[in-house]
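To begin, one chain is listed below as structure tokens, in the form predicted on its own.
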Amino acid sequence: MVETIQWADAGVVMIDQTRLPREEVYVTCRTYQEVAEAIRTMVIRGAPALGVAAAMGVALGMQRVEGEFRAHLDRVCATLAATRPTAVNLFWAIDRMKRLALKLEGQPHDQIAAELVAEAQRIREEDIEINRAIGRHGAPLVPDGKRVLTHCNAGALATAGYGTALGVIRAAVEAGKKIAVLADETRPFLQGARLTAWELQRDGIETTLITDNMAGYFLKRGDIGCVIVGADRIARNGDVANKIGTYSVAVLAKENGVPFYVAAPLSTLDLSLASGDEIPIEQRPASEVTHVFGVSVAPEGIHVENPAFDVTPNRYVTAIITEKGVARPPFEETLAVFAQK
């Protein structure tokens, strides 16, 4: 399985997801500023992976302290936090690393640096185990002998390994279920076409690529057993922010009586937000819409809007699959229980 991100003596090593599937290239970030730029430019993406990257970025930034300890720590954390606003795992990981750094303040610098590296590596390993647990809980929900529709990429590339939505699919296949996957291309950044299709093809899982506007056609035909997607932030009431286009798929699934599942770790849950209306939505550059691999596909000067995410109201969500189990409506009650476990 692909190694999304690792800590190495030279720095933070990650696969460059902007170059897949044409090239499999790994980049090494030697400073926390380079990690931040990799996050901002989507060299690495996917909520859990962003959390791991942010943790490693903090550890990298604290290898050498310039000036006063707390001021330097604040500067490192603020730089990483300013990269992408929607995925809450990013902020969760930064906060976890910052709390540890403050707890260690006053200890020898070598000890602080080493313990922060160890903590970042723990976050990475925990994420892989969490994803496998999500897969185990979600696999029984996947109907045998049916197709599964997914949107964007919530696989190993979006995590430290194994994946959330794709982790459920992988676990179902490992359990012996005969399933095939329909992967939405996921315009404008084409994560489904470039990343999900690439991952599943490497795994030998039968996968068919479709354009986003084909989802309704296949859902109406009746051969899709369920939809499984990931999440970038989940509000207290179960509203889900995920890649733009997810809301449309959820509405189509409900119209056609197809279960719509969200697979995400509890670190994606933001109990501070009452509903999805409070989730900040990242706006991406216009060039992602007007150009494909550098080739213009729109008239010059055309006005563009490019929200990276949308929010699916909880009424369209059949269940949320977490590492602690499967949460069902009313989500405000069930998610709160899982968060306390």
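In this text, residue numbers run from 1 along the sequence as written. Source: prediction; values computed, not measured.
FYI, the form predicted in complex with a small molecule isn't displayed, but the following is about it.
_Please identify, from 152 to 160, 138 to 146, 172 to 180, 106 to 114, the stretch that has a heavy atom within 4.5 Å of the small molecule in the model of the complex._
Result for this chain: 152 to 160.
*Though only this chain appears here, would A47 touch the small molecule in the model of the complex if you measure heavy atom gaps against 4.5 Å?*
Yes, A47 is a contact residue.
*Even though the small molecule is not shown here, does R84 get within 4.5 Å of it in the model of the complex, heavy atoms only?*
Contact with the small molecule, yes.
_4.5 Å heavy atom contact, V168 to the small molecule in the model of the complex_ = Judged by the heavy-atom cut-off of 4.5 Å, V168 is well away from the small molecule in the model of the complex.
_Please tell me whether any heavy atom belonging to D184 falls inside 4.5 Å of a heavy atom of the small molecule, as the geometry stands in the model of the complex._
Judged by the heavy-atom cut-off of 4.5 Å, D184 is well away from the small molecule in the model of the complex.
*Scan V249, A231, A93, L80 and let me know which has any heavy atom within 4.5 Å of the small molecule in the model of the complex.*
Comparing distances to the small molecule in the model of the complex, the residue within 4.5 Å is A231.
*Looking in the model of the complex, is the small molecule within 4.5 angstroms of a heavy atom from every one of M42, T164 and N242?*
Yes, the whole trio is in contact, each within 4.5 Å by some heavy atom.
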